[in-house]
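Only one chain is shown below, in C-alpha cells, and it's the form predicted alone.
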C-alpha cells in the first residue's frame, strides 16, 4: 500500500501539497456540516417530526454516555465527543466508496490525538493547578517520575497509532484479498475469460467486517478512550 497520492500543489510558501487525505477530510467535513444543517432545520416545540425525534434521541444518548463515562460535571465535553465520534466514523467509512480513509493517514490520527492531548493538559492544570499537576508526576513515589512522564506521552501516541494501524491494515488486507482472488480466477478461468470471477462478491462480504464493523468499533474505541483519559486527568 502506498501513501496518499498528491493531487496538486497550492502555489504559496513554495507549493503546499494537497493529498488524497486532505481532499477526503474536506469531503467528510462538508458532509457533516450539511448533515447537521439538515438535521437541525425546522425543529419545533410541538408537533415534532420523526427526524427531530431521531436527532433528540441521538443527542440524549450522547449526553448519557458522557455522563456515565466522565461524570455529570463534565457534560460540557459532549459536543466535542460527539464531533470526534462522527468525524472518525465518517472518515473510516470513506473506504466503502473507493476513497482512501483520512484515518488511514498517520497525520490525521496524530492531529486528532494532539487536540486530545492539549485538552488533557489544559483541564488537568485547571482542575488541580500547575503545582498539583506537576506533583502528580512524582506520585505515588518520586522514583516514578520518569515512568509517569513516559506514560503521559505514550498514551496519546499509542491512541494515534492504534487508530491508524487498524484502518490502514484493513486497506492492506482488502487489497491482498482482491489480488489473491484475481490470481485464483486467472489460474482457473484464464483460458476462458480474463474477468476476475472470484474477485466479485467474496470481497464484498469480507468488507462488511473491515469497512463497517471495524470502522464503527474503532470510532467508538477512540471516543471512549478520549473520555476516560480526560476524566482521569481531571479527577
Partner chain sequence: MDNLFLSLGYMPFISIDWTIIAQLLNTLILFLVLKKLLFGRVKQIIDARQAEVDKMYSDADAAMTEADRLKNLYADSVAGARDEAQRIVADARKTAEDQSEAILDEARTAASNMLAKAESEIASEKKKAVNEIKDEISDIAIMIAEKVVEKEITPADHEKLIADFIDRVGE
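The shown structure was predicted, so the numbers you read here are calculated from the model rather than taken from an experiment. Positions refer to the first chain, counted from 1.
The same protein has a further form, the form predicted in complex with its partner chain, not shown here; the description that follows concerns it.
Option touching its partner chain, based on a heavy atom within 4.5 Å in the model of the complex, out of 110, 125, 138, 96: Flagged contact: 110.
4.5 Å heavy atom contact, residue 121 to its partner chain in the model of the complex: Looking in the model of the complex, residue contacts with its partner chain do not include residue 121, since no heavy atom lies within 4.5 Å.
Contact of residue 22 with its partner chain in the model of the complex (heavy atom, 4.5 Å): It does: once its partner chain is placed as it appears in the model of the complex, residue 22 has a heavy atom within 4.5 Å of it.
Touches its partner chain in the model of the complex: residue 89 (any heavy atom, 4.5 Å): It does not: once its partner chain is placed as it appears in the model of the complex, residue 89 has no heavy atom within 4.5 Å of it.
is_contact(residue 79, its partner chain) in the model of the complex, heavy atom dist at most 4.5 Å: Within the cut-off, so yes.
Members of 51-90 lying within 4.5 angstroms of its partner chain, judged by heavy atom, in the model of the complex: Result: 52, 55, 56, 59, 60, 62, 63, 79, 80, 82, 83, 86, 87.
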